[in-house]
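Take a look at this single chain in structure tokens; it is the form predicted alone.
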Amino acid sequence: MSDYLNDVIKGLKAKDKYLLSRYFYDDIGDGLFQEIMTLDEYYLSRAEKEIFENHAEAICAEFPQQAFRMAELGAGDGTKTRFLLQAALEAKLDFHYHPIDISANVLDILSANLKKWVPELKTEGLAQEYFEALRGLAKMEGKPLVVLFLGSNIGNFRRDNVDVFMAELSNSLRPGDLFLLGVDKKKDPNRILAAYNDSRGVTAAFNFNSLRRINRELGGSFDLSKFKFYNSYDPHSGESRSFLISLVKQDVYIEAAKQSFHFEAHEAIHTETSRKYGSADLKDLAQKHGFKIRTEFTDSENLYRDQIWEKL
């Protein structure tokens, strides 16, 4: 049984149904996410791009002056990272860039972009799980690592499993290695709700792609017209949570699983969490997992931050 099928079965059989957001991403999902990043309501990408446009030189000044490896987790198409890479090359830093993503399609798009933007860049993409790739890089020549985790991807972890991710990251790094973290700030709840309930419905389509993908790849019988997209935000936890809600009582058969999954009317499938962090949240997280926060950069509207953490 594939990991994908196993995860789908586990999620749909859970008391509180869920589908892992990692499975949004295929050729269609990748395209939808690129569209999301251009939406007027989706401020996150613009804010981080502004930080890199205005502060890339200062960020690169924090990087090792000896040869090092730069690894980016969930690299995307490189639209923002290009500013950092260009600044690092202009500063004549000696580094290899290793974008890491489970989507080989995304890495192909990124590779084509990098050849146009920074043809002199030394790069090798890794279509692997994050920590498998990091552990492999850590064994190469003993060079320091600078790990990038941008786009507020850390927000995709719920409070009960972000510690698992951070413990894995900490164990994959050596003292002195750096972690560049891009993270969305807590702010006006209405600004956050608008970002995940865009007027064009692209975010909804992105979430629905999880059902379309089950239909295409696993022989699912999801009728998308019998579900609706719903998003909420909790200012206390900082969690924006997305769901697909069953509009009727129904059973959905998945051929690859050889079984049906029952939905009551108004029963929800949790599809994505996007957590926002306050300053105290990040300080506690860094200290808990053996890091110190060296410096922080923000955009002009103070919506978003990129921090550099050092492994102790």
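Small disclaimer: the values here were computed from a predicted structure and weren't measured. Counting begins at 1, following the sequence as shown.
There is also a form predicted together with a small molecule; it is not shown, and the following applies to it.
Chemist: Against the small molecule in the model of the complex, would Gly74 count as a contact residue? Criterion: heavy atoms within 4.5 Å.
Modeler: Contact check for Gly74: yes, within 4.5 Å of the small molecule in the model of the complex.
Chemist: Verify the contact flag for Asp101: yes if a non-hydrogen atom of it lies within 4.5 Å of a non-hydrogen atom of the small molecule in the model of the complex, no if not.
Modeler: Output for Asp101 is yes: heavy atoms within 4.5 Å of the small molecule.
Chemist: According to a 4.5 angstroms non-hydrogen atom cut-off, is Arg22 in contact with the small molecule in the model of the complex?
Modeler: Contact check for Arg22: yes, within 4.5 Å of the small molecule in the model of the complex.
Chemist: May I ask you to check whether Asp163 falls inside a 4.5 Å heavy atom distance of the small molecule in the model of the complex?
Modeler: No - in the model of the complex, heavy atoms of Asp163 and the small molecule never come within 4.5 Å of each other.
Chemist: In the model of the complex, which of 88 to 96, 75 to 83, 117 to 125, 233 to 241 comes within 4.5 Å of the small molecule (heavy atoms)?
Modeler: Checking each option against the 4.5 Å cut-off leaves 75 to 83.
Chemist: Heavy atom within 4.5 Å of the small molecule in the model of the complex: which of Asn215, Asn153, Ser111, Ser170?
Modeler: That would be Asn153.
Chemist: By the heavy atom within 4.5 Å rule, which residue out of Phe33, Phe63, Phe261, Tyr43 makes contact with the small molecule in the model of the complex?
Modeler: That would be Phe33.
Chemist: Report whether all of Met37, Glu48 and Tyr130 sit within 4.5 Å of the small molecule in the model of the complex, measuring from non-hydrogen atoms.
Modeler: Yes.
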